[in-house]
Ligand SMILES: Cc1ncc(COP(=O)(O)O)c(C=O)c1O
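Only one chain comes next, encoded as structure tokens, the form predicted alone.
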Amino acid sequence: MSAPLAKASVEKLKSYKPNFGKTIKKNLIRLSANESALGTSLDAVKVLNEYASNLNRYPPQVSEDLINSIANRYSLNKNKIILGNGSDELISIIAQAFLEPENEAIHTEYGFLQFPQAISITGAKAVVAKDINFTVSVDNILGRINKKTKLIFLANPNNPTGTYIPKDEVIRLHTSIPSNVILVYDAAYSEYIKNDLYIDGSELVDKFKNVIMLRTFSKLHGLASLRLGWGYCSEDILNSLMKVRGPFSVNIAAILAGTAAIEDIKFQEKSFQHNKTWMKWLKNEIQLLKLDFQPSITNFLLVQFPETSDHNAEKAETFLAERGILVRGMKVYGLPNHLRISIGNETENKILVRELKNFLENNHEY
């Protein structure tokens, strides 16, 4: 007897599988997941150690301490902040809360893979807006809107390209969409940006009711293992999302560490400066290796390798993995000639470049 089938919209999907590479090396240099190069705040580590004897207790449904810390850090209205088990969960519950099977939701060509996944699970139609030169096209997004459109998912800066669209283009997009269409603005990498041309989305939330800004503690704050994200939206949208979100969605470790991390401004500044310094260095080194890359304002580079040669992206990924260096292949995004490489610490960055140089200067059989 065959096993019961899930609904059709789920059966046709492939599981989302983060690619951390394959290697037999034990001492890994993991540059495949855009993680914090400097770990996390020691204040966060300390508070976790102090709480270890109370793991039998349920976390609060809503942590006022963490919400207040986020509101104070970014000068936001605390009543518009929602916490989630990573921004992944928030993406999922947004889709569940607002999409019916007869609806459509738009995502960009090289946008985060979780967007079409969350849309499709609801039974709604995921509609792709093509990028131009690896960058989001506002005109192409607007051209895909129709009466069935309910959501637009936009990551800015975008993963895996590292590119972004400036403030005026974001505002033009929002101004041009119907008021009943929600712009879901994923600003996961915004902490790495100090640029007057960029907008993180919070000011749109404060002015309009059809914008949701998403943020994460997994990048600059270095809490990827604890799965902590947050959103900023109108109170009406927040109330709808809380009906879908699980009652104890965010665990106590994430709450405590998140509160400590967001209050540790010195660590955040140190991480920002490290990324700025080593991103400039890595771009220069990649240019010296005569490889192309997208102009990134994040903590990673999308690097292009020769299409048909002994030095293509797949062979480079294998070569690096054999030496304990994990990078992210981009076949799943339809970019088989590219690798996404995160900024690591000083030692990791230098080893990466050394091995890339070794790979490009020699022929390799696989």
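Quick note: we count residues from 1 along the sequence shown, nothing fancier. What you see is a predicted model, and the numbers here were worked out from it, not measured in a lab.
One more form of this protein exists, namely the form predicted together with the named molecule; it is left out here, but the text below deals with it.
- Among Arg245, Lys80, Arg227, His174, the residue placing a heavy atom within 4.5 Å of the named molecule in the model of the complex is Arg227.
- Checked against the named molecule in the model of the complex, the candidates Thr259, Ser218, Thr135, Ser202 yield a single residue with a heavy atom inside 4.5 Å, and that residue is Ser218.
- Figure note: of the listed segments 142 to 150, 204 to 212, 67 to 75, 183 to 191, the one touching the named molecule in the model of the complex, with heavy atoms no more than 4.5 Å away, is 183 to 191.
- Using a 4.5 angstroms limit between non-hydrogen atoms, Phe112 touches the named molecule in the model of the complex.
- Contact check for Gly86: a non-hydrogen atom falls within 4.5 Å of the named molecule in the model of the complex.
- Under a 4.5 angstroms non-hydrogen atom cutoff, the named molecule in the model of the complex has Ala155 among its neighbouring residues.
- The named molecule is not drawn, but in the model of the complex it has no heavy atom within 4.5 Å of Thr163.
- With contact defined as any non-hydrogen atom lying within 4.5 angstroms of the named molecule in the model of the complex, Ile91 is the only contacting residue in 90 to 106.
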